[in-house]
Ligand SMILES: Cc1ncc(COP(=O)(O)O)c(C=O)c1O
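One chain comes next, on its own, written as structure tokens: the form predicted on its own.
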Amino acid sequence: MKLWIPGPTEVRPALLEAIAAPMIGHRSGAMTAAIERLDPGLKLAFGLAEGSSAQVAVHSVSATAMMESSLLGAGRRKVLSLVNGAFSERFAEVAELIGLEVRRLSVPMGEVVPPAAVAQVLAEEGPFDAVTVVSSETSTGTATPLAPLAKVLQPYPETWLLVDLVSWIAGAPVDFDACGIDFAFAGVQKAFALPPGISVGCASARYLERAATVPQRGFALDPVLIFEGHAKRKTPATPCIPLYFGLGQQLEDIGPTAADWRARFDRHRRMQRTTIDWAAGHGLSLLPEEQFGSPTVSCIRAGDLDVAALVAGLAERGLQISNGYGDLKGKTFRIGHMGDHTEAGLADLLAAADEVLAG
């Protein structure tokens, strides 16, 4: 079954081969080399500016765990959570579960929280330790622009911007420093096109400085230990070594220059355009406004289309897409055009979908 779901996505045989390499000791020189191999590519993936003081890291946990880690180092005051889907709501719920006071700023699924509304809450209800946002809301295929949020946050230098990049990074530019991000994280099972099991992160110097003063950060998810361990090439605990091999191979395969990464991002945008145009040909449209459509996940309004029948018909042809998420089930369907998927492969998927819809 070829996966065109919003993740996990298809994994190339070459990456599976890299993951199957012989095991090594996690305190060996070989492990040091495996960690060092990751940094150049991760800095490109996060779009770090030249001379950036931000640090990258890898940790053997899910992206949801890194979501919790980001909050553990942010402080103990209020958090402002921008909620426009299932995973941005999860960010808010995780903050509450670790004892933080959370102010939700919510809009309907498929919409983007207006920066002006964020500015108003910051001015009238602050101070906040952090603002949480999901850059690409996988449940709705909605992308929230980060640069406008960075501008809104400029008058509040003590409020960190924490960003879920799960279905964004490696599919679209991040520009960590330019977007004023303090902590960003993602799993590798989306646009990195690897099996799930490790997460990547990036933290600003000011985030790590304050995080070191926050009490009771635990151990396994302590962001200071995670980033210090990566910098020292000594992970806090035994890492998922095979996925370090796979990530290293993938980063090198994408390429060593910013131009290589731009080519990857451009391919994702072209696949998004193709998907939107295909939907329009059937009288369908994206759930979000097109300008806020994610370049990696298209969530399409189903109209009168039988989503379950479409999903089943494609499955019979060895192709898998996703029904809508939660309350959107049956009302939308999602195509994950990300990672190492090709434009030719997408054309085959959409041609198969045409066959199913034609009956």
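From a predicted model like this one, the values you see are computed outputs, not experimental measurements. Numbers for residues come from their place in the sequence shown, where the first is 1.
From this point on, the text means the form predicted together with the ligand, which you will not see here.
- Contact here is defined as any heavy atom lying within 4.5 Å of the ligand in the model of the complex, and by that definition each of 62, 90 and 189 is a contact residue.
- From the list 77 to 85, 130 to 138, 264 to 272, 110 to 118, the contact stretch for the ligand in the model of the complex under a 4.5 Å heavy atom rule is 130 to 138.
- The ligand is not shown here, but in the model of the complex it comes within 4.5 Å of a heavy atom of residue 166.
- When the ligand is considered in the model of the complex, residue 67 lines it closely, a heavy atom lying within 4.5 Å.
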